[in-house]
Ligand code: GLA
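Form predicted alone, single chain, as structure tokens, below.
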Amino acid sequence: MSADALAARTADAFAARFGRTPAGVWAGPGRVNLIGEHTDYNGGFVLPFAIDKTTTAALAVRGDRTVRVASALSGTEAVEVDLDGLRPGAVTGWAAYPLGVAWALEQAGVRLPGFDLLVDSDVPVGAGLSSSAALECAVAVGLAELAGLDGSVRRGGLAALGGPGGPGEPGGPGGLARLDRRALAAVGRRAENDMVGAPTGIMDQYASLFGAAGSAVFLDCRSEEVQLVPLELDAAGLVCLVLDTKVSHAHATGDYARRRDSCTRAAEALGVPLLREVPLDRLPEAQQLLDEETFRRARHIVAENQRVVETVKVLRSEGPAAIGRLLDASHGSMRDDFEISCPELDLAVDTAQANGALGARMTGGGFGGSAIALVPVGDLDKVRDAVLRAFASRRYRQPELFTVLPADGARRLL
């Protein structure tokens, strides 16, 4: 479904649920991380791109401090809260994401009005495509615009949270400046970390907010510097095939947190604030200082940072057809050193590689979700068929396979 069609459906669903027309509909895209996994919270480099699958948020201001949030994907009643009662632990389930954004905006000094919200989406949930950040960013750009239009943004609110920023950057209608997008990325991350309880980094929000068609988002997670890197798959005769294994994962569970703790311990032992500071030539020293498991966790981060930087160089000089070896190496590192893959992901990657993919890797936080494969258009059917047969032969659940393209970031649609 196109973004415009999804926006129209969302507006209709809002009117049916709340009995009035929304003030607007905003979109937040999902993302695929091309390369750079678990490097974000280590202050390193990542290279995601926003995809042409989006979450939409229809919003309208109320005359009080009540918030009602509903989902077109669920027949359940709207969740209703008072903005003055919002705090971590007060809301659970999917509503914690959009309500967490409202809470984080208010914590940043933005006095919000009450509002009604209805969300819809075609971003697969649990596939490692960051449906959560898509939701957060759609709501964040909508609330920021509505708050600005009614004059309720306090001095020092969003700008203070965002820090120094670059020149203004156009969005769609009601687009926000780069400073605002940095601030809103911080808002989304705080919502996810504090309200939802998932210890994620900033990559997903930056991908959803800064994405652009035909480009990947090269993010330095320490400085938060953003550069757009050409990723023109169509021109190269390539597609990015997403292989959703349907194996669910939850970032708020212990596996993700344990990997993060390992990275913290490794950095402390090496005398650096973040593993971003460790060059490849310090790995022999790290091996002497760390236990075997913690060393492998650190080795993945250090090597993955280097792979991201090399991928950017190759995309700029040779184009996407030349990055396959780096994608393959990334998956091997996640499988063996960081140990965040699973049998279904490994099967998807191995099968794609053996049937014409130029490169393939799992993407996202791991322990399930999706893999991606960079596939020549002429080999797409061959790769799809081979993966489906391989999963059937192992009696795994049938995966969902679909292609994605780099798309524009969060914006107003209606």
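Note that the structure is a prediction, hence the values are computed from the model and not measured. One-based numbering along the sequence shown.
Although not depicted, the form predicted in complex with alpha-D-galactopyranose (GLA) is the subject of the following passage.
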Problem - Candidate stretches 61 to 69, 382 to 390, 367 to 375, 30 to 38, one within 4.5 Å of alpha-D-galactopyranose (GLA) in the model of the complex by heavy atom - result: 30 to 38
Problem - Partner proximity in the model of the complex: M203 to alpha-D-galactopyranose (GLA), non-hydrogen atom cutoff 4.5 Å - result: yes
Practice task
Answer yes if any heavy atom of W94 is within 4.5 Å of a heavy atom of alpha-D-galactopyranose (GLA) in the model of the complex; otherwise answer no.
Solution key: no
Problem - in the model of the complex, Y256 touching alpha-D-galactopyranose (GLA) (heavy atom, 4.5 Å) - result: yes
